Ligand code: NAX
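The form predicted alone is given below as one chain in structure tokens.
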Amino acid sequence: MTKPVTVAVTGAAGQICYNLLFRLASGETFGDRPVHLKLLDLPIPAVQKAAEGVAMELMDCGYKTLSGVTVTGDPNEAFDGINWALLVGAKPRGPGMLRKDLMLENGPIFTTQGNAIARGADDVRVLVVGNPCNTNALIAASNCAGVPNDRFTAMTRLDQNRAVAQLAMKAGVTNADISHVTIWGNHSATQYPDFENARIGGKPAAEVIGDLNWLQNDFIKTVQQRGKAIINARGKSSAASAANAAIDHVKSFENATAPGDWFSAAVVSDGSYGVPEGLICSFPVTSDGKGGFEIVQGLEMSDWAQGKLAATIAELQQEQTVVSHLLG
């Protein structure tokens, strides 16, 4: 019998996870391999009860690939023996709260989770979704002794998917016609959605669209501020699209990337493109489908694009300074 893929998911009673967990269990993400889900949320009776209700629904789906569900409020139990950790749960940014304040509120959560992953998992990949995800991933990795920091990633796939959709709509084509879209830097309003290396129907995106002003302004601002626009429109943050991006991220690491293609993910920098080593920064990435990945090398960037990259790197460095006392 095939050994189950054991996946811990935090914030299990939340709205992102309600859109995520069923797709992890169904076979969509890991194929026909059995999946054991560990649902972690706050050790508060009402929250645990809600997570147990989600577990009941998962079981009621009758998925052939779901081998078990564990509900817990204990990180040590949740992360014991896992293969993937999807760190979704985090305190949301409240009215008037500065990004710095959010980092200081959420930092201890990821310190605790990093320590627990170190104790319980010796072969694990970690995806941080909870914001600010790049810096939260840096905190978790820094507090996870014995687990290589290249096992920690943060999610910029949602930004990539948003960029794909915007390019497709502007060009009057389908999303399937868009390729080689890269998100550089931080999952924040400083991120740089790279249109210079993107392709539409195999041709340079800038050539197909023919409107540099739109690309340098409206396109980038729309992608950077899409999360805020969704909150303004529906009164809630992105849930289904965030869950979908998490699934895309996991599948991209679980499967070998097609030759010549790449995807966006925030990974630990090795110094590529002048990004300081050790920062969790979004790059174009390829996966070998066996747990290894590489940052795509040699992409050309104009002076203008390099300025955008420099700005988002500067923000990541500022965030690193803010949480320096939490870095083990």
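For every residue, the number given is its place in the sequence shown, counted from 1. Just so it is clear, the structure is predicted and the values come from calculations on it, not from any experiment.
There is another form of the same protein, the form predicted together with the ligand; it is not shown, and what comes next is about it.
Contact assignment for the ligand in the model of the complex, among Ala163, Cys133, Ala205, Ile139, heavy atom within 4.5 Å: So the residue touching the ligand in the model of the complex, by this definition, is Cys133.
One residue of Val126, Met155, Leu167, Ile183 in contact with the ligand, assessed in the model of the complex (non-hydrogen atom, 4.5 angstroms): Contact with the ligand in the model of the complex is made by Met155 alone.
Heavy atom contact within 4.5 Å of the ligand in the model of the complex, the stretch among 142 to 150, 251 to 259, 107 to 115, 194 to 202: Of the options, only 107 to 115 has residues within 4.5 Å of the partner.
Ile16, heavy atom within 4.5 angstroms of the ligand in the model of the complex: Output for Ile16 is yes: heavy atoms within 4.5 Å of the ligand.
Residue contact check: Leu40 to the ligand in the model of the complex, 4.5 Å heavy atom: Flag for Leu40 set to yes.
The ligand contact in the model of the complex: Val223, any heavy atom under 4.5 Å: Outside the cut-off, so no.
4.5 angstroms heavy atom contact with the ligand in the model of the complex for Met59: Contact with the ligand, no.
Contacts with the ligand in the model of the complex - residues in 232 to 264 whose heavy atoms fall within 4.5 Å: In sequence order, Ser237, Ser238, Ala242 come within 4.5 Å of the partner.
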